Structure formats: structure tokens, C-alpha cells
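The data below hold one chain only, encoded as C-alpha cells and taken in the form predicted alone.
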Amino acid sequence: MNPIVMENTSIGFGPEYGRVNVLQDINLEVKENEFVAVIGFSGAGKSTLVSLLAGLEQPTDGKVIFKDKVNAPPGPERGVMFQSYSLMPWLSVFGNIDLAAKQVFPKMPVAERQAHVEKYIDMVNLTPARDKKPHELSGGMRQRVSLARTLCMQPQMLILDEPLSALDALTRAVLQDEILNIWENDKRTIVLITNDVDEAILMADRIIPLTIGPEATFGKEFIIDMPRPRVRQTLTEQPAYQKLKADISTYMIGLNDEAKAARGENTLTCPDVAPKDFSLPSGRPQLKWKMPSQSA
């Protein structure tokens, strides 16, 4: 049984008579413990796809099936990590993660829950900062708190909505490695939303592009048949990586060109007008103004 299945799923917004679907006829099957990356341009509907997968939005047409439940509401079995940290500023690292643990495991004894939270703080290497508030943390550390908070709920599926896009390159690489280590040691089904082809190749088993929106749908999928663990220092030197990146980049550029051609020529011709001439006619006396003298 695949944990998540989308069948002819479409979603649109606005009144029915004028509604335009953001996503159209989406079909997807994600296998147990599979790592799938969805890539797409800005405005293609990636965040809307996250909302559908998480149960935050209901489809206009079709089905989203999670563990045999059709169009089920959101729950802790599907953990979402957003671009925004969304941390409580008055709570410490421990407090932010413990808040999620309390909601998901309300009957867990206090000592057991504390050990549970400490486990995930240590998992993202934040033990020295466990008592710090969000304003005392760097952006990368805040994103680690967000990751630990999501993982502590022990979701069956992780949905990552471009969680590293706002980070600098070095911090992004560190967190990519941490997510991969956690996934390899504690297998979960993961769907990663990203616009970074290199990130998708490094992390995923399969890459699925979204076409240009509106009415975006899934395009040709790419299987990443490269052994794990993938070492980023040597990854770019591998012929399989080079070919895969070239194929994906060419395909995405082609989607963009097709979308431009479908929109047609959209150039507006400006009217043939000239600016008004506000200069005075020749021979007209010029008015002069003299600064009045100041008495001593």
C-alpha cells in the first residue's frame, strides 16, 4: 500500500463560473520510504500541492488518498516543514519542540516526553542551544528547530516545502546532509518541494517536474539511479549526474518556452505621440525675479 496517492486531482479558487485551476489532473503515487522531489518554477502551484498533500486544502476534483483515507483532514501523521520557521518567540528551543510533542502525545509521562524531545534536539545538533530563544539563534539553527519539531511528532510522511531556500549555501548544505542522515537512519516517506535541481538530484530517488501554471500538472519524471550515500564533493564529477542535470534543465527550459509560445505575442504598441513643449514662444519677454536686498 502506497502511503500517498493522488488521482486526477485538480484544485481551483474563486467562484465556479470564473474559476481557473491552479493544478489540473495531478496523478501521483509515492512508495513507502521513498524520497520524491517535485521541482517547478515560481507560480507553478508548488505550495498549493503541499496543502493538498497535507490535507490543508481539499481538491476541487479528484482524490488525495493517504493510508486508504480519501481527502482526509490534516493530522500529525503528515508532518509539514514550511519555508517559514513559525517558532514561538517566547519559548526556548526545548519549549518549541515540547509544545508539538504535548499536542501529539498528550498522555505521555512528563519524564518520557522530555527524553523524547531531547532525542530530537540532539538529532539536529542543537543540544548546546536547547534553552535559547529563537531571536538568539541563526537562521539555520531556527530551521533545525523547525525540523526537530516536525520529526518529534513521528509522522509517517514528511512534506518539505522549500525549507532551505532562504538559507546561505553553506548552511543549506549542512541541513541537506542532516535531513539525508535522518532519512537514512529513520526511514520515512518524504516529498520535497524545491526549485533547485542540484538539491533534488542529491537528495531524492525520483524527480517530478511541475509544468507552468495555471492549470499546472506533472510532466516527465526522472529516476535517479545513483548509489547512496551521495557525496556532494564528488557528485558533480559523475557522468550520470551531469547527464541527469542536463536532461532536467533542458526539459524545464522547454516547458518555459512552450508556455511562452502558448501565451502568444503580448506586445502593446504605444501611440505615436510627442511630449508637450512648455518652452516660451520666441520674442516673449522673460520674467526675472531679483532677490530683495537685506538691510543691515
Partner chain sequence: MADSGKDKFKYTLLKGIDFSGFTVFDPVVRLIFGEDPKKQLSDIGRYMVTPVIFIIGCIIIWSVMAPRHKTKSGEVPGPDRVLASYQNNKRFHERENEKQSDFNTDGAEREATLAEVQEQIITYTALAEEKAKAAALAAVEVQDTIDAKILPLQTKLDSIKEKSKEAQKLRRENISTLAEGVAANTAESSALITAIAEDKALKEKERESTKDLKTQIDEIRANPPKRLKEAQLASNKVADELQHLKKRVDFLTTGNRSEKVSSSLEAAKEATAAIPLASTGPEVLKSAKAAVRNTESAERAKEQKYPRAATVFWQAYRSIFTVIVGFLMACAVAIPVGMMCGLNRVFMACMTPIISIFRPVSPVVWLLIFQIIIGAFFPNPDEHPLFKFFNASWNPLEFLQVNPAMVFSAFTVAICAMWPALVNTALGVSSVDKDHMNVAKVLRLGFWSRLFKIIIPSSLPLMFAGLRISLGVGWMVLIAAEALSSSDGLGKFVWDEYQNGSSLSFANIILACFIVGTIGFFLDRIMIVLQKIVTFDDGSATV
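Quick caveat, the model's predicted, so the values are computed rather than measured. Positions refer to the first chain, counted from 1.
The same protein also exists as the form predicted in complex with the partner chain; that form is not shown, yet it is the one meant from here on.
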- Query: If you check in the model of the complex, do V191, R206 and G254 all have a non-hydrogen atom within 4.5 Å of the partner chain?
  - Reply: no
- Pick from 220-228, 180-188, 194-202, 71-79: which stretch has a heavy atom within 4.5 Å of the partner chain in the model of the complex? 71-79
- Any non-hydrogen atom of R149 within 4.5 angstroms of the partner chain in the model of the complex: yes
- Report yes if any heavy atom of A246 sits within 4.5 Å of a heavy atom of the partner chain in the model of the complex; otherwise report no. no
- Message: So in the model of the complex, is the partner chain close enough to L56 to count as touching (4.5 Å, heavy atoms)?
- Response: yes
- the partner chain contact at P128 in the model of the complex, heavy atom, 4.5 Å: no
- Query: Here the chain is shown alone; which of M108, A173, L99, A115 has a heavy atom within 4.5 Å of the partner chain in the model of the complex?
  - Reply: L99
- Going through 125-146 from first to last, which residues have a non-hydrogen atom within 4.5 Å of the partner chain in the model of the complex? H135
